[in-house]
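Structure 1 and structure 2 below are two forms of the same protein chain, each written out on its own as structure tokens.
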Structure 1
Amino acid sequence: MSVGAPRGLASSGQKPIAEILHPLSATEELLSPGPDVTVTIGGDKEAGLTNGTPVEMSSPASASSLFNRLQLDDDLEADARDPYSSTETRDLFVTVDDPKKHVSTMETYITYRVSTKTTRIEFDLPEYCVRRRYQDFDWLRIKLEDSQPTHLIPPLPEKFVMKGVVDRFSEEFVETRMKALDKFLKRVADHPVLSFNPHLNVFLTAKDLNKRQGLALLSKVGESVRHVAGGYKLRTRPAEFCAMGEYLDTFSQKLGTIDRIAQRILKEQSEYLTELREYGTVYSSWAGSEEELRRPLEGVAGCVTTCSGALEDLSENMSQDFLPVLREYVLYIESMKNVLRKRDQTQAEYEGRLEAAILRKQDDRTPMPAEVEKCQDKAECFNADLKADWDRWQSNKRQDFKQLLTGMADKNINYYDKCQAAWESLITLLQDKQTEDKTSETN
């Protein structure tokens, strides 16, 4: 095998994992640079990367321009390229629901029911039902990240919450976390590689999940990627991966801005809702002491009450549906950046080993070592897996944000429709009252 420009390999995301011998799954001792190579020890500061071909990544000036950039068109042809997005090709279905609170002398915690239906031969039964708590999901994600270092692992909702600010046992918090855990597990189950991971099998089927033992089958897979290239300095990141990194930086910045403004809007809505309820109460008490104006005043109080309920629904949608999706993608960005850093480490390892081999070959004319070819295979497989996951992530992002923004528009339309209908009914009531008064004066 010649060592030169990287070969174009089909992603392992297009085949079942059982059919693929992944270069990173081989157990081997850590590679180190040759004696003739001078390496730079990397500290906390990330190695400088050249951008290669310039990529236009202008920052949108507003939220609307960001959404235009998210490409919220249907793009059916792009989505159709992923054969695993169709329900007809899926053979593993998972659901997270039915949260239950457990109280013991040592701790209080929430468990969730995890239901599985499958036709895969790797499972002994077609259906399973187990209960898992948050730390079990965290265990699964860590195992996936260690055993599948070349793939993007979906993020989990954050474990820790600020005490006194959020009650982690409240119905709203548990419901929001349950939806996030369900989305996490569905994304893993729909992935063409991660869904065949044996740790996922154990998570879905074992009645008693022994996290201390875990599985040793793939434990060494991630170690080489995690530890190699610690002293190398990456010379050139390919332009396409530079574009990915720049896109993630821009996307993260815009999501952070939208999240910050949305949090402020939600706070102002909460304060406005408190004032609005007090405002309606004043009209109700006034109606009790003013017989001639009782019906109009009660009508105003009813309108204010209707608007208060509509605003409460709108705020609830923002806090339970809109903001969690923003936060999920902020965490997704961090996961993707982590995979990019691992890819850079793998490339740096290959470049260092290749340079060392070339120097030795010039001295003693020895053939290119097989370990250099293995490093090249690793880098190419990493690139292919990352590209496949990037395309899948972009497709999911389009669908998620299209659904999110459509839902937000519907909720706002519903809010204003309720308010308008309430105040229009008051106008009718006042007109009827005016007609009755004129009739009384005539008689």
Structure 2
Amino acid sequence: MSVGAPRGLASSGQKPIAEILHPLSATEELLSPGPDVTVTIGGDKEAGLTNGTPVEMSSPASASSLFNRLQLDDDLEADARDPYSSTETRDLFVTVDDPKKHVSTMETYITYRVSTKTTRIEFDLPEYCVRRRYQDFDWLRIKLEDSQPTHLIPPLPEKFVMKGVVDRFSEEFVETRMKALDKFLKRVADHPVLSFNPHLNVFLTAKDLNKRQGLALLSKVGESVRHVAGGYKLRTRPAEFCAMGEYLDTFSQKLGTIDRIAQRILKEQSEYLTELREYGTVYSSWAGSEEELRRPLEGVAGCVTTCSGALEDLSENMSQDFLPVLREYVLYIESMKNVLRKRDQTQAEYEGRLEAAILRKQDDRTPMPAEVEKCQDKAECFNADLKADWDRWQSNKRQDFKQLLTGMADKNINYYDKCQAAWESLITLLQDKQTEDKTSETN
């Protein structure tokens, strides 16, 4: 990462006060530009704060997150569901649960309980418990995007659902949405920079967020205005960012394909289930007209019913756990692409201003105008943040998909286990009867 002259790097974009006062900032100069040095290097949190850590780590964030992931690999079995838990070095824990329906004269909506446990000094209390609705999460996300434009903000589940097509208050929908919101919040809390954002603090602690709602729309508009400013066009995107862009395009495509395949499988399974149920009833009705064969036929009917139930569970699981995660990643990719675009614009602005400044320069001894230097800083910090976030994102992606696909395999294994058990117990039943008959025959 090209640093240029060591400066009191104010780092990228608009930095909130809280961040600058962060204990870590003392070590920032020692390590490298970029504020995203994570707390979690080494096991000892306090030591990590004040000791100088080796400088050669150009992206300390990725090294430490790698460390985290190594730890998680061991814990994967134990914590198969929540890879974000049980790392001793974390000091901020958030959970989204307990959905409740609220009915008012104006509208009906769902709120979720957001619980926080922390030892950070930015928080007045060690524990918080507030209720938030989707709107609030949306507000938070917009705020994060605005205030941390160089960072990748995790995605939220889809905002709009077609009324009449999807029941916004059905158990499955609420459950799926809640899991996604939980994931969003955990990813933010896990991010070395985003987790210190004051808006997150407000979100987690304020009793009433309503006063802030009005800003939501404005912020969205403001954001787009801010970044199109100047209208600079990028000439060439550096190779490594090109590679990122290409990767994102292809990956997005593949995820789309996987989504389609998964949906197709669900459809086929549903049709299979219909026929299977019918099949079971035919065995049952045949049993009615038989004597000796009644038990075996009823037994088969019972097994078919058990298998039908198991299949239904499998399909439900896939639909509730698998598909939403895929879709979330597609949103994530879109976010990442946006960040890449913003980076391009930042670079373009710098190059544009630089070019203009060079043309206007009277002689070689005139120093660069301050604003050009500011742009250069901005561009370099952006690149650093992005790379760090990219590495983190890649690592998280690997974990997430490992977990997702392993989960899919497990569910299928579980399904076949259930079916096998049913059929095996039937055989035992039928064969016992057979030996029973044989012995009575020979007697």
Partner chain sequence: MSEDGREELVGTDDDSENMAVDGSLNNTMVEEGCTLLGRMEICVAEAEKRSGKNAVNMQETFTVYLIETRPMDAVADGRNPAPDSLWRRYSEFELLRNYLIVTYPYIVVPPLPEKRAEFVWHKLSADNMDPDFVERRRVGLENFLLRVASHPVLSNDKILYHFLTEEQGWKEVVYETGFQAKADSWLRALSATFRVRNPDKRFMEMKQYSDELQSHASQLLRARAKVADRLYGVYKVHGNYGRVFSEWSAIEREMGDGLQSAGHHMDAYAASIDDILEEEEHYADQLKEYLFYAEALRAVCRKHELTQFELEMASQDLISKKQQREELATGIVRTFSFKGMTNKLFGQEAPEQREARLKLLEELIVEGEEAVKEKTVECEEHVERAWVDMQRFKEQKDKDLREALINFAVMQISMCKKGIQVWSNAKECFLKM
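Predicted model only: the values in this text are computed from it and were never measured. All residue numbers here follow the sequence of structure 1, with the first residue given the number 1. The term rigid core refers to the most C-alpha atoms you can superpose between the two forms while keeping them within 1.5 Å.
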Structure that is the form predicted alone (1 or 2): 1
Keeping the rigid core fixed, what distance in angstrom separates the two C-alpha positions of I427 between the two structures? 3.5
